[in-house]
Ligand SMILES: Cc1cc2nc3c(=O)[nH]c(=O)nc-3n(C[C@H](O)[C@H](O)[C@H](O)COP(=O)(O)OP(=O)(O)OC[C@H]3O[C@@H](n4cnc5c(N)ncnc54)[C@H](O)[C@@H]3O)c2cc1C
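What follows is one chain in structure tokens, specifically the form predicted on its own.
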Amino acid sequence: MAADPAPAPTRSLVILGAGYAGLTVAQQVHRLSRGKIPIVLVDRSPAHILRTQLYEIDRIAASGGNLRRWAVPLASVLEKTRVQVRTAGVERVDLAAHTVQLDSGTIEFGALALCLGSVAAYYGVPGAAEHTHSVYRLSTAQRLATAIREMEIASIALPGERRPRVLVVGGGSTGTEIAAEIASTDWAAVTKPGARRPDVLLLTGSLPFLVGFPPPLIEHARELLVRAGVSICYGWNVTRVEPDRLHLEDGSVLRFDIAVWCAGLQAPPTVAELPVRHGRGGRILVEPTLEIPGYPGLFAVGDVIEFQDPKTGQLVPATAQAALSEARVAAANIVARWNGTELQAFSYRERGAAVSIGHGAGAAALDRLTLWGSPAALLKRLVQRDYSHAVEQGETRRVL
């Protein structure tokens, strides 16, 4: 794809967000340009967070605050590169002026990669943000783990055979993994003897369970979820949340000790407020090259975009696998812009999907092959371990 005329940037490439997309863009641009393009990587955290592993609530609860398993320091990941890491929050992006307002000052950019990820979408449901937990950040996952620890310790004194109740809202992969992990954990071993296993209820809402996944994977996941001790409630959306109960659109009321919101994601306000074309959830509609329309050399990657694959006509999912794939193409195009050479269009190929369903179980689909039980769980663990190792070695181009 021929590049539109645009001056080569004389200032740094600024990458906003050090998640799966942002870190990969930084590593790939540095590699492809042989360190010639100055790069500034901005993130509120000094570590790369392994967000797809934050469903491991029991391990977080048992970690004693040692979160190294889920947070890889950026300084160590990028120590062999010339990438400058800046720890700061992003407040505003001015695409026309080529500036970013941080909570610690303003920086200019010649090229931009917008990789700020996503935040929980509450869809205007009253009380949802105030009275539920989420696991989309390490800090919120840690708060959930602490709350469950406290709930489990308190369960020792519950009267009769009563057990604490956890409601998980959202029947996608995150909600499924969280519900299964909480239900299948031996909380007495994690907290104190006598702690009672919680009743766990997964509310799928009006969307089908694990919508978008291959049907064989869905059926195996559903069976494994029930075996893990999770009850599934289909069909009704949440209309209101109070401190200890939530209301469904059929008028029913469900009490809870803890509620976890996994009902969907949207672009962060910084992205949704940009004066560009947006799709669902405030995501940016980008060019086939992943550039922001009207702004040559400025790219958006990962969860912040809505991208319809020109070859398949399908929307690319907001997954880590897709973000890594997009990041590699965006990095190549950033270097192409810098060199004044041809840009390439992004096209996505799904390599498979895997969902953890509690301890030692999972469901996975690879092309026409479906795995479930311990083989699927092993596959997911191997992919996670391979990615973690690759990040630490600066070799994310080789995974997923």
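Since the model is a prediction, treat every value here as computed from it, not as a measurement. Position 1 is the first residue in the sequence shown; the rest follow in order.
In what follows, reference is made to the form predicted together with this ligand, a form of this protein that is not presented.
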TODO: May I ask you to choose, among Leu248, Leu285, Val190, Ala88, the residue with a heavy atom within 4.5 Å of this ligand in the predicted complex?
DONE: Ala88
Task: One residue of Ser325, Thr204, Thr174, Ser184 in contact with this ligand, assessed in the predicted complex (non-hydrogen atom, 4.5 angstroms) - done: Thr174
Task: Proximity of Arg349 to this ligand in the predicted complex, heavy atoms at 4.5 Å - done: no
Task: Non-hydrogen atom contact Gln28 with this ligand in the predicted complex at 4.5 angstroms - done: no
TODO: Tell me, yes or no, whether Ile107 is in contact with this ligand in the predicted complex, where a contact means a heavy atom of each within 4.5 Å.
DONE: no
- [ ] Verify the contact flag for Cys115: yes if a non-hydrogen atom of it lies within 4.5 Å of a non-hydrogen atom of this ligand in the predicted complex, no if not.
- [x] yes
- [ ] With this ligand left out here, work out from 365 to 373, 58 to 66, 330 to 338, 36 to 44 which stretch has heavy atoms within 4.5 Å of it in the predicted complex.
- [x] 36 to 44
Task: Interface residues of 314 to 348 toward this ligand, as seen in the predicted complex [heavy atoms, 4.5 Å] - done: Ala318, Thr319, Ala320, Gln321, Ala323
